[in-house]
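To begin, one chain is listed below as structure tokens, in the form predicted alone.
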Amino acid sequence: MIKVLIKNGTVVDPSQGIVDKIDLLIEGDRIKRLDYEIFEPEAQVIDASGLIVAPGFVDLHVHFRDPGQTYKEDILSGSKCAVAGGFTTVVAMPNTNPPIDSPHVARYVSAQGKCWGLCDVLPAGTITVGRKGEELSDFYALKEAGCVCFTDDGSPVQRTDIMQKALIFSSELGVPIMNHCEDDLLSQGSVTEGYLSALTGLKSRYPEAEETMIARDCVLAYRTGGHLHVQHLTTGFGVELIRFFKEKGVKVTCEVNPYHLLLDEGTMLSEGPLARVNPPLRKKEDVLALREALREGVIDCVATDHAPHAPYEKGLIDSSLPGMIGLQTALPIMLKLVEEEVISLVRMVDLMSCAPAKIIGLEVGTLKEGSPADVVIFDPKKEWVLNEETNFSKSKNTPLWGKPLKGKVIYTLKGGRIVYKENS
């Protein structure tokens, strides 16, 4: 049996309350032991001096575009991005072609992930057939085929009766219903309403488009007992709504995109369509509110919404497709928040690993003895640039392209195997 010994690193594991310079022994695909000065002559040794050793990151929101749009990304290139960013488990959104609204498509996505063997690629099933918002998908069949949650991401569920039924099934099946909360009638534009829309004349995506749907869905979760997960929260008032309903005992969780913690609406003036994302980059006060919500624990996890597009799909702001690649830039963004003392390193690891794993009921996101040996080892001080040489995506649509970043993954281990090594 293969053994790997990680020595001299600082282990950060919020699931056990560990922040200590200790060794970690892996045997086969499981964590065997955490202790001081482990000696194991048969093990392959990884020297993690000066590095952080943490549970592999978990991303609840990625777009790998497979099947149907593999010119943007496929499961292999997406998996390479994931492990280069320290992610050992990702949840693939169902807005593919065909969508993940049938068991055979769900099985295809899972099988492709297993074929390449870099990280777990878990499918999200659609809430409605064809993501059309009219007829519920077969949740039971999709869960049996491997779907870990349900969402029509990119096509918010507009019909209240459909969302109510989905949350009832959520309560029965024990899986979250995730919604891209934006009312279509209030979100026809490309930028947030306010200074930027007035300056540019571009159509708005109103913050109340997001907030009214969050409120509706939280009420439905309260009444049905279902698990609601709000995708890519962006507004300060949205934070207050989540806080209110959590205090009422509603089973609601939420995620935030790292870009919404770093950038505000003004970024579009310099980066143009590269900064176009739905929901849009918001005002500075919203960014500050999101950061405070991270600190307080109102926001449950970070999810990248990794959304690759071809260059010609990012032409003009008002006509470009929304989204940014984010798997390789998530760690540097979050470490910047640690450096600025917005959150602690322990809280960062929890947001990126332990917490998202709990939301969908996975046994990963921990380094407890006997748990899966999914591990990320990173250098929080290493500076690098995302460019043609370091990027693993087929796409490069990010406002951080070519800009200095701080914080780099050195090793990623999946099931005890090294699936990423810097410069390998």
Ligand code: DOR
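Nothing here was measured: the structure is a model prediction, and the numbers come from that model. When you see a residue number, it is the position in the sequence shown, counting from 1.
Separately, the form predicted together with the named molecule exists; it is not shown, and the next lines address it.
Against the named molecule in the model of the complex, the set Lys7, Asp374 and Lys414 makes no contact: no member has a heavy atom within 4.5 Å. In the model of the complex, the named molecule sits beyond 4.5 Å of every heavy atom of Thr224. Using a 4.5 Å cutoff between non-hydrogen atoms, Asn278 counts as a contact of the named molecule in the model of the complex. Proximity of His309 to the named molecule in the model of the complex falls within the 4.5 Å heavy atom cutoff. Not displayed here, the named molecule is kept clear of Asp350 by more than 4.5 Å at the level of heavy atoms in the model of the complex.
This chain is displayed alone, yet in the model of the complex one of Pro258, Pro99, Pro176, Pro322 has a heavy atom within 4.5 Å of the named molecule; that residue is Pro322. Distance criterion of 4.5 Å from any heavy atom to the named molecule in the model of the complex singles out Asp153 from the list Glu193, Asp153, Glu265, Asp120. Heavy atoms within 4.5 Å of the named molecule in the model of the complex map, among the stretches 27-35, 362-370, 388-396, 57-65, onto 57-65 alone. In the model of the complex, Asn95 is the single residue of 92-109 with at least one heavy atom within 4.5 Å of the named molecule.
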